[in-house]
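The data below hold one chain only, encoded as structure tokens and taken in the form predicted alone.
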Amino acid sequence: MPERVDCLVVGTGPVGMVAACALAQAGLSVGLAGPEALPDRDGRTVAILDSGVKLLASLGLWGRAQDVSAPLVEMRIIDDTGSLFRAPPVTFRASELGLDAFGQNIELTDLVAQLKRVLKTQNQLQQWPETVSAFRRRDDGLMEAALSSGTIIECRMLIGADGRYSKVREFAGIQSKDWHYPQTALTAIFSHERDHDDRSTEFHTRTGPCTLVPLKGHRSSLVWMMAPKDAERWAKRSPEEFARAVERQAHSILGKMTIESKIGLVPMAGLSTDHYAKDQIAVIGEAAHVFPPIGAQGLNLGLRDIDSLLKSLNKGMDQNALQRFDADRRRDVKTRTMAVDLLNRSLLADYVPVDFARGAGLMAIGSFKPLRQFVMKRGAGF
């Protein structure tokens, strides 16, 4: 006898877990399918913006995460490209938006552990820690997902949170376009001598951004984008050599640095889809959009997907619910995709007119408060 739920979420990363919890709390019977998430402690952190923190808190998912996260009170951009048209540093302050902090930075492993704890308490949620091997749409409109164990799950609505190579997206017939950047991101966690003052600092270099994001105490996470061969070479160096290289790149703003984690290597790529929902199937998170780690857009867009999905369903779980969701996400994601892609490519261009335009833009943002507030509001998801 098949298992039956109103909604099946496929994918057990943070976005899939949050979506399953949110839909269950909205009164639906929900299934969550996929191998258990076991992220490695490789230096990856996630900066969750204020709207995302509020969503997690409203679902009871933030809890203990507050104790191991650090606030992002300021974000500073420093042009370190060596261009003739370098703008002075630009600082964004949460207080200008009436916020205590733009959001919170937390290690990915800590966030996943918190989400797992809470999901175990959700009565409306069934979990199957198995791979989905096949999908089928029946004549009566219901869909079936076959698990690796042979279990069949029936559902009225299917949510794909299964990453950039999404099987759910393929089953729905949603077209995607992906691309690759000539960059790999090095990730790591460091302790350091000086206080970061809850400030994230992003150095714009010719190989992409090098960003230090505050963690609890005198600790920060690193995302340093560079050419793949250079990234592989640095990842093989001793922890002491790598720490000294990061100190130099950061112009010693945090003093002596000591690495505390493994060094992670993340190839940079992007992905976009032509739709976010089709025939009672929706895609969220990296099944719908992939970003390079610029401006803290990745996980935050996945959380915005969930918020939009909830609002669409609150108007009624009818055949138009996912159409409302699709229209809302296309407007939001397209503009952010273009902005992040343009900024990243402008750093790689090493072309005088592009340098001039980027430098002039940063200078205008830094000196004109209404423009700076507009940029901050868009970046923070307002």
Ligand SMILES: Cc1cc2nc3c(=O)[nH]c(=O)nc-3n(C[C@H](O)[C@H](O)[C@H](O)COP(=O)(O)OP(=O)(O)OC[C@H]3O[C@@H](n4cnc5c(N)ncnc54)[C@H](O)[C@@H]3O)c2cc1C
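Quantities reported herein were computed from a predicted structural model and do not represent experimental measurements. When you see a residue number, it is the position in the sequence shown, counting from 1.
Keep in mind that the form predicted together with the named molecule is missing from the display, and what follows is about it.
**Student:** Is there a non-hydrogen atom of E130 within 4.5 angstroms of a non-hydrogen atom of the named molecule in the model of the complex?
**Tutor:** Contact check for E130: yes, within 4.5 Å of the named molecule in the model of the complex.
**Student:** Flag A20 as yes or no: does it have a non-hydrogen atom within 4.5 angstroms of any non-hydrogen atom of the named molecule in the model of the complex?
**Tutor:** Flag for A20 set to no.
**Student:** Taking heavy atoms only, is A24 within 4.5 angstroms of the named molecule in the model of the complex?
**Tutor:** Outside the cut-off, so no.
**Student:** Counting only non-hydrogen atoms and a 4.5 angstroms cut-off, does N300 reach the named molecule in the model of the complex?
**Tutor:** It does: once the named molecule is placed as it appears in the model of the complex, N300 has a heavy atom within 4.5 Å of it.
**Student:** G52, L310 and R329: each with a heavy atom within 4.5 Å of the named molecule in the model of the complex?
**Tutor:** Spot residues vs the named molecule: no contact at all.
**Student:** Would you mind picking the one in V46, V30, L56, L322 that has a heavy atom within 4.5 Å of the named molecule in the model of the complex?
**Tutor:** Looking at the other structure, the residue within range turns out to be V46.
**Student:** Quick one: find which of 86 to 94, 154 to 162, 230 to 238, 243 to 251 has residues within 4.5 Å of the named molecule in the model of the complex by heavy atom distance.
**Tutor:** Comparing against the named molecule in the model of the complex, the contact stretch is 154 to 162.
**Student:** Can you tell me which residues in 6 to 38 come within 4.5 angstroms of the named molecule in the model of the complex, by heavy atoms?
**Tutor:** Residues within 4.5 Å: V10, G11, T12, G13, P14, V15, G16, A33, G34, P35.
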